[in-house]
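What follows is a single chain, given as structure tokens, in the form predicted on its own.
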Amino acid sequence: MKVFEHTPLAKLSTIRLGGVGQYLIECNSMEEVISAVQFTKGKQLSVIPLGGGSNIVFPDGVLKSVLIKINITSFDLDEDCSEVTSGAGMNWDLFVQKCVQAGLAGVECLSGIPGTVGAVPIQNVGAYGQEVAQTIIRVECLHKETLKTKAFTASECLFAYRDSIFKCNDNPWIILNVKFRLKTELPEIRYGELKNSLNHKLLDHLSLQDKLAIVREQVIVLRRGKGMVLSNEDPNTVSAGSFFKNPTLDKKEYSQFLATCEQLNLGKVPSYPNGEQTKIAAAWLIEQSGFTKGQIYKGIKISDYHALALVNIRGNTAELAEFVELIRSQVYNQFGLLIEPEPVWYNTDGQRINF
């Protein structure tokens, strides 16, 4: 394993914020991860597993923790039963590409999402009508204290909207690999924007691989149009992607919310069924609360493309926190709803910050 001291945190996250990390350890195997945790115990510091840095906000100052970068990138395909096991360090979009090329469906709508395979179960990553919870069958982890491994079934992961058992503040698990069960037929495209953009491209005579490739390509086109595909040429991608969760309301809450919107003469509300609840578009809430695309607050701005993304233009984490609280308070004052940030946020002691 490779141990680095005083690493600039900005280069470890896509939003490029943060001070200095006390230690960074890169691990290419489970054995190296175990050695890294033992190193951490010797230093009496907290452990922070690190993937692609696309869903994390580091603090200004010195982060008194050990960042463990998981670089396990195996990809094992069992063609007979459509199951794929991937190392936690594999680039997620590369994983999706490999599945599409193998003619396996179920993750093609998650193309273009930055990060690693090991990160997607934590957040239960989802987009364009798909969530990884629909395909994950096992998550193998290492316990930080006992150094024993455990394979979590999908039900044990307690997947929910942008949530899982691994997202709790005192999560003791480091994800090593993830096993997926995929499909050999194209799932129905349900997400309106994607469905409309595909038009008549998915012709009956095309092979499954070709259909999946078309869906993947179109998803990337849509994401790129929102600044949601990392690009050195596009400053709007210096972000953590969608920064706020879409709030979900039960029947009573939704009825009260609609009454508020009617009083404000806001017309049609963008909302979507989510089981027995209703999901409200957070980007719409933000814009209806007085914020605009491209709006700048100190060194942070709202993306030029999408109100849900916050972009670092020359700022620091303290300024981001101020802007986040300003947005949240105005949305609450307007609608009585508290929108929650999606990224995992740490203080200098390596503890997660709750909002």
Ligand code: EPU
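Please read all numbers here as calculations on a predicted model, not as lab measurements. The numbering used is simple: start at 1 and walk along the sequence shown.
There is also a form predicted in complex with the ligand; it is not shown, and the following applies to it.
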Would you mind picking the one in 246, 86, 135, 218 that has a heavy atom within 4.5 Å of the ligand in the model of the complex?
-> 246
None of 189, 165, 281, 261 but one has a heavy atom within 4.5 Å of the ligand in the model of the complex; the exception is 281
Want to guess which of 286-294, 25-33, 312-320, 38-46 is within 4.5 Å of the ligand in the model of the complex, heavy atoms only?
-> 286-294
Give a yes or no on whether each residue among 193, 305 and 342 has a heavy atom within 4.5 Å of the ligand in the model of the complex.
-> yes
Using heavy atoms and a 4.5 Å limit, would one call residue 75 a contact residue for the ligand in the model of the complex?
-> no
Using heavy atoms and a 4.5 Å limit, would one call residue 270 a contact residue for the ligand in the model of the complex?
-> yes
Quick one: is residue 213 in contact with the ligand in the model of the complex, heavy atoms, 4.5 Å cut-off?
-> no
Taking 4.5 angstroms as the cut-off for heavy atoms, does residue 144 touch the ligand in the model of the complex?
-> no
Partner contacts for 117-153, taking the ligand in the model of the complex and a 4.5 Å heavy atom cut-off | 126, 127, 128
